[in-house]
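Shown below, as structure tokens, is a lone chain in the form predicted on its own; questions about how it binds or moves come after it.
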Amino acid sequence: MNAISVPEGAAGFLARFAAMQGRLPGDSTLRAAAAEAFRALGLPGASRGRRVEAWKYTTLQPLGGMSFRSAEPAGKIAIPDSPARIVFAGGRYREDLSTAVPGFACFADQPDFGELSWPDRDPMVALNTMLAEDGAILTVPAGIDAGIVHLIHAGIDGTSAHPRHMIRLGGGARLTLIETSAGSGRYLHNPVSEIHVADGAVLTHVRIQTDGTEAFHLATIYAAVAAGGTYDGFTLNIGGRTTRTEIHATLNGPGAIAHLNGAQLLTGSQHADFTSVVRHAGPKGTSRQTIKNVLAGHSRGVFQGRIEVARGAQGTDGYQMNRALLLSPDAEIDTKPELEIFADDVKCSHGATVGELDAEQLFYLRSRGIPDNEARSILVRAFLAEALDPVTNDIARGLLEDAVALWWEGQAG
């Protein structure tokens, strides 16, 4: 990595904003306000004496001692082949690697910060709001089935990227969005996505994160779902040194649905945090969430999930479950499920379990001639099945299974 003569941590990001302020697209007043918010909030865990409850189990102190540069406008990168793909490298759109996708525009050309995010409360959203250079603006008109779109992020060593994405589905529209993030070296990927699902629309959003082991991946997603709409999300976290996925889903209309499932497969000293808030604002909404963690080495997994039910959200049906499988005595899981209910006609539940591979099941498989590593693989895959099963799209499911298989091969090696 090239030497960088810029300040480290929060000071470095603020210095970068000051240098780029006149060249960044979009509302300069909003960006300046976000910069002031970031100056006050700082990086969670990196400021002495500062305690942020939402970041109780995850610190960005290591990030505070690093500095990053902007990505170069060109350069060769390897990307997966896909007929409808939108490619970003180091946070910048790569037209040469992308294909034509109907309804797509660049944030750099049509900046849209939306209205759901909270840069005054969330330091990483504030950082994104002040430094976002590009991102995907994707619109699916009412009644259109847009098929599958692959949104690809390539991390570049030594850089920080802050893409800003906006996804809008009109009434009755459908889209399967497969979002992958990968790279090598030390970099920061700090995307913010805002998603609007109109009446009766269905968005399937599959996120596969296999960033380099020195990378920081800190993603924030806001989803608003209207009456009869469905946001069907799945996140797989495998890569990265420090990873955080934060999802805020609001079910605004009657019969709105949100699925926030996921899996985190960690090893070494990796740290991954899955934080979610599902707000039932309309009646008869349904939310389902199952997060599975497989933790090896000295890794640490975090799950923070909260279901909020507003006073008028009668008939709400919410479910939340976090399960962890510890493959090492040195692995750790922190789990914090919450319910906040202000309606009386609801059905909400949550739970958490932590365990290790069942010795009797392992003995049974080995007694049938199955090698130890293969027997362990069978049990781990069985453990993950409940989380993976809701992903029914063949292409997305294939990518997920390939990523899981590659991770397990790394453990065996």
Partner chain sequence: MLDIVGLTASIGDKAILNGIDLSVPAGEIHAIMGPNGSGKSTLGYVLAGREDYTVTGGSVRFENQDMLAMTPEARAAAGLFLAFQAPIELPGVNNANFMRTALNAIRRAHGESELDAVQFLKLARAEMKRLSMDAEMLRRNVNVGFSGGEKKRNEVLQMAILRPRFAVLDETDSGLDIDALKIVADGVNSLRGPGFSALVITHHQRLLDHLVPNRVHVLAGGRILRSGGPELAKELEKNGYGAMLAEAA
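Computed from a prediction, not measured in an experiment: that's the story for all the values here. Residue numbers count along the first chain shown, from 1. C-alpha atoms forming the largest set that superposes within 1.5 Å between two forms make up the rigid core.
There is also a form predicted together with the partner chain; it is not shown, and the following applies to it.
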item	value
Distance check, T29 to the partner chain in the model of the complex, heavy atom within 4.5 Å	no
Partner contact for P62 in the model of the complex: the partner chain, 4.5 angstroms, heavy atom	no
4.5 Å heavy atom contact, A40 to the partner chain in the model of the complex	no
Any non-hydrogen atom of E374 within 4.5 angstroms of the partner chain in the model of the complex	yes
Heavy atom distance at most 4.5 Å to the partner chain in the model of the complex, all of A10, Q21 and L24	no
Contacting member of L365, L388, A33, V52, with respect to the partner chain in the model of the complex [4.5 Å, heavy atom]	L365
Residues of stretch 325-359 in contact with the partner chain in the model of the complex (4.5 Å, non-hydrogen atom)	none
E386 C-alpha relocation of at least 2 Å between the shown form and the other one, rigid core basis	yes
